[in-house]
Every structure is written in structure tokens, then in C-alpha cells.
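In the block that follows, a single chain appears as C-alpha cells, in the form predicted alone.
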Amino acid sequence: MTTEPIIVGIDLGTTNSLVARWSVDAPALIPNVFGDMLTPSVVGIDLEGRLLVGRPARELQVLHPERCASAFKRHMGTDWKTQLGEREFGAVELSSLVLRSLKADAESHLGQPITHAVITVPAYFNEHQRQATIRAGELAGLTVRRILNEPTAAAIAYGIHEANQDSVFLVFDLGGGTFDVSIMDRFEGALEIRSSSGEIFLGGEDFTRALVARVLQSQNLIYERVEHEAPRMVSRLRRECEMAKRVLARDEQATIRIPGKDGELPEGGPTATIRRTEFDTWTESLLARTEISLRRALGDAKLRRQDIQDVILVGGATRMPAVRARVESWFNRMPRCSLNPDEVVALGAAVQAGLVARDRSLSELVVTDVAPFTLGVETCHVIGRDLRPGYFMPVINRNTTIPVSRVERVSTVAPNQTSVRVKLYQGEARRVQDNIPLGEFEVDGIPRGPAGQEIDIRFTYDQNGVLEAEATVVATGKSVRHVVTRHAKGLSPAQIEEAVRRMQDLKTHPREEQANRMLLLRAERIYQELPLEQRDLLDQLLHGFEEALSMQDPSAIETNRESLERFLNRFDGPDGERQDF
């Protein structure tokens, strides 16, 4: 008797990623090797040429930003590349390394191989980015059973926890790198998504960057120039500003230590005290951008803001008081956050994984989703006596419930025209030049005759956001089908095999050594931040820990690790937040 494979749910985030599964009758998060639920979406190559993912890479990034990559989710579906050590990586490869780390954590925790997953993406991810996410899963050794919109995942999690409450509610999802908003109906065990909108380049990272830029400006420095000339200074300052942003979420002011151009934090060095009101003023323009997506989502759902009965906050950036105040003011109601905003998307992905696996306890939950963009083809318009190409004809409009199949009829524009080139686009603009090209294909065999020979263009859009286009010559019934994959910067089977081989060649720290390696990197970073009188003690603790590691004595390693961690936690909490002595 063969057992069905476990399907995990993965929130592949811009700043942090999580993995979860449906367990018995509830979703459950899976801890990583450090016991954390959040795995930083950071990849690095250390000075020994070994691969680091998650917390160790985040620690390395402070000291060696040139050897690390983060926020690469924003570059999914593009040709963006970055150099780490002697290797060049694209966003798909880097994302696959994060997925591979999550997969290893799940396998260790569950005690069996994991080969299937549901992976979440921002609702406003375009076709390029969705296909790239599927490719990343393939490179990580996963069969991607479903691509799920992040607000939909959050709605599913809330639908499970509060299934008896019928309402129209809105999910406001401001994560580390992206912003999404979805409006949905919850009724009789069903979740129906009515509309989605959002922005790819808007998230907590932008609020942190705004703070970094202001602090540098206070020192008469320009962000872009310093980032190029003194990357270690910016890397260290970014970490200081990220911690200050968290402090400002609960306190009225925060103090930021300003590193030198070498990235060092000298004793008695300059500091900047930032008040929450200042931070809110500096980031007002970022927050104002959320209203554009809110208005679009409401308009597409044919609702007014007073029709929304509940507003749910998702994403770590929603912890900022200004965000909550803006949402409360806009909807004239207190937004809710009864589930952890960092974890709710992964929990919803786990529920969806249970649905895909046909778990009996989930048989009553029905979930619909919508197409986040309008999909169509290029057509010509007659202007006076001229025939002008470049116009966009929608076939599937945005926020149409999916899966869906729609057909539109077009015709030839010239006498005896025997072929047409069908060009596919995604977007909301009237002209194709302002939309995103998805691909094209040729239809030939059209009977000769006068202009106006008819062709049916059918689009079929599935729940993974994969588009299939079909053109049928009406007179002959001849059809040509085209699955949109080429546009997504995807990889051929041979390229996937080669990419997997290249990644296997990377020297990876054994799983059992990850905690030790992360602790050493953390200690090295903190050493540079300590007052001089504290450095000697840390140096002794580090020496003892390194000696124990070289001896491979488990008892000595554990004893020295505990002493080192106690010291580090006095200065810098386990979650990276600076503590007071």
C-alpha cells in the first residue's frame, strides 16, 4: 500500500519565508533548523565558498553585503543577475535555494521526503513571475501543485478559523516587498474572491530604505552614492534602521547608531534619534500609494468602502502604527489581526495543500480566486483610411473568477491573407506598448478570400495563473494552441537539469552545522559593535567555542555554545533586536 505524499504550503516571501502543513484538523508551521518559524529570504556565499541560507546568510550580509543577496523576489521573471563570490545567480536560482532549505527543514521535521508543495505569490504577480516561481520550485526538487495568491491564502486561513461568520471582508497585505489587497465574500463554508489589486514594489523594505536615506541625508550623504562607494556602511545602517523601525512600532522614538564608511560602529560614534512622527512624515508618500490599489479593488468589486464589514491585516509591515491608523481612518473601523500577520499566509497555504490532497476534514471548504490582470491580444483599428496596429483587445478581464475560458472573434485585415500572428499581452492599458508582452504564435492555413476571414481566439486561465491560448480558423476548424511559458524566462528541461547540477556542486554546510555556523557569524558581527571592554570577553568565548568545534566534543560544544549565546543575547536578542545591558 502506497501512502500519499505530504503536500506542504510555502510562503516564499521577500524578506522571510515559511513552510507549513495541514495536520489532523488544523494548519501547523514547521520550524527550521534553528527552531524558528521564519527563515530570512537571504542567500550568501561565505569566504570559504560555502552556501548559506536564512539566518546565517543574514548575519553574513552585515559584514559582507557583496557576498549576499536579499529581496530577489522582486526580480522574479526578469533577467536580473547578481554575483556572489565566484558564482552568478538569477532570482529563480536564489529563490530555489530558499525553497530547498525549507524543503530540508520539512523533511527533517516530518521524517520523510517532501516532493509536493503549494507556493504563494503576491496577487499582483504577473505571468512572468508566476512561471518563474514554478521554475524555482522545480529547481528545488518540488512539484508545484498550486500557485496561490497571498491574500487568498490569508483569507483561507481566516476562513478556517472563523468559518461561521458570513461577511464581505478585505485583506490588506503589506509584506516586506509587496502590497496586495483582496476583497472576498465568506458564506456557508465558501470563500469567493471578488477582486484583487496591488503593487509589486511596495513593502516594509521601502519604509526601511526611506529611513536609511533620511539618516544618510542628515550626514550630508546621498543614498545611491554611498551604496556604491561604501556598501558595508549601508548594510550596517540598514540593519540599524530595520531595528529602529521595529522599536518605533511600540515606542515614540528610537536611536540609530551611524556606522563609518568602513561599516564599523566606533565607540562614541554618531547617532540619530528618530521620532515616530518624523518617520511617519518621511514615509507618508509610501503609505498613500496603498489607496490606489484599495480604490481599484473596491471599484472592480462594485463596492463602496462602507460595504466592507471587516478588514484583516496581513504582513509584518502592518505592525507599523501609521499603517493601522490609515486603514482604520479609511474604513472607519478597527482592522483586525487575530492571526500572526507574519504567519497567516503560510497557514493558508497549508490549508490549500490539504485541499489539494483531498483531506476529508476540508471537504466542505470551497475557494474561488480571480485573475489579477486583464489578458488579451493585439488588434488593429481603422483610423480614417489607415489601418493602425498596436491596440489591446481584452479576452479575459481582470478579477474574472478562475479557472476560466473565454473566446473573442477577430478577422483578417487584408484580402487573400493566409496567416496571422497572434500577440498576447497582459495589462490594463489601451495600447499594447504600455502592457506586458506574454508571447506570440503563428496561425496559417487561412482560406484566401476578402478581408474579414474569421478567427476565434480562446484564452484558458487556470488556478496556477498559467495561460493557454488557442486560435481556431472558423472556416476550416483548424486550431493552433500555445501555452504561455516562453515569456516567463523559464528553463527548458535540459536547462533545469543543468541548473540542478550546478546547485548540487555548491558546497553546503551540513544541516547539523548550520546552528554553529550562524552563531559564529552572529558573534563576528556583534564583536564589531561592542565597546572595547566587552570585546575581550567575547573573544575568549569565541576562542573556547572554536576550540570545542575543532575537538568535535559534543559536550564541550554544548557548554561553550550556551556561554556564548548567553553573552550575545545580553547585547543582541535572538531575533536581532538590540538589548540594553
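Everything numeric here is computed off the predicted structure, so don't read it as measured data. In this text, residue numbers run from 1 along the sequence as written. Basically, rigid core = biggest C-alpha set you can superpose within 1.5 Å across the two forms.
There is also a form predicted together with adenosine-5'-diphosphate (ADP); it is not shown, and the following applies to it.
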property: Segment assignment from 318-326, 266-274, 189-197, 82-90: heavy atom within 4.5 Å of adenosine-5'-diphosphate (ADP) in the predicted complex; result: 318-326
property: Sole residue of 232, 423, 209, 245 within 4.5 Å of adenosine-5'-diphosphate (ADP) in the predicted complex, by heavy atom; result: 245
property: Listed residue (354, 259, 204, 376) with a non-hydrogen atom within 4.5 angstroms of adenosine-5'-diphosphate (ADP) in the predicted complex; result: 204
property: Contact of residue 342 with adenosine-5'-diphosphate (ADP) in the predicted complex (heavy atom, 4.5 Å); result: yes
property: Contact label in the predicted complex: residue 38 to adenosine-5'-diphosphate (ADP), heavy atom within 4.5 Å; result: yes
property: 4.5 Å heavy atom contact, residue 14 and adenosine-5'-diphosphate (ADP) in the predicted complex; result: yes
property: adenosine-5'-diphosphate (ADP) contact at residue 122 in the predicted complex, heavy atom, 4.5 Å; result: no
property: Rigid core superposed: residue 211 CA moves 2 Å or more between this form and the one not shown; result: yes
property: Core-superposed comparison between this form and the one not shown, residue 313 Cα displacement 2 Å or beyond; result: no
property: Core-aligned C-alpha movement of residue 279 between this form and the one not shown reaching 2 Å; result: yes
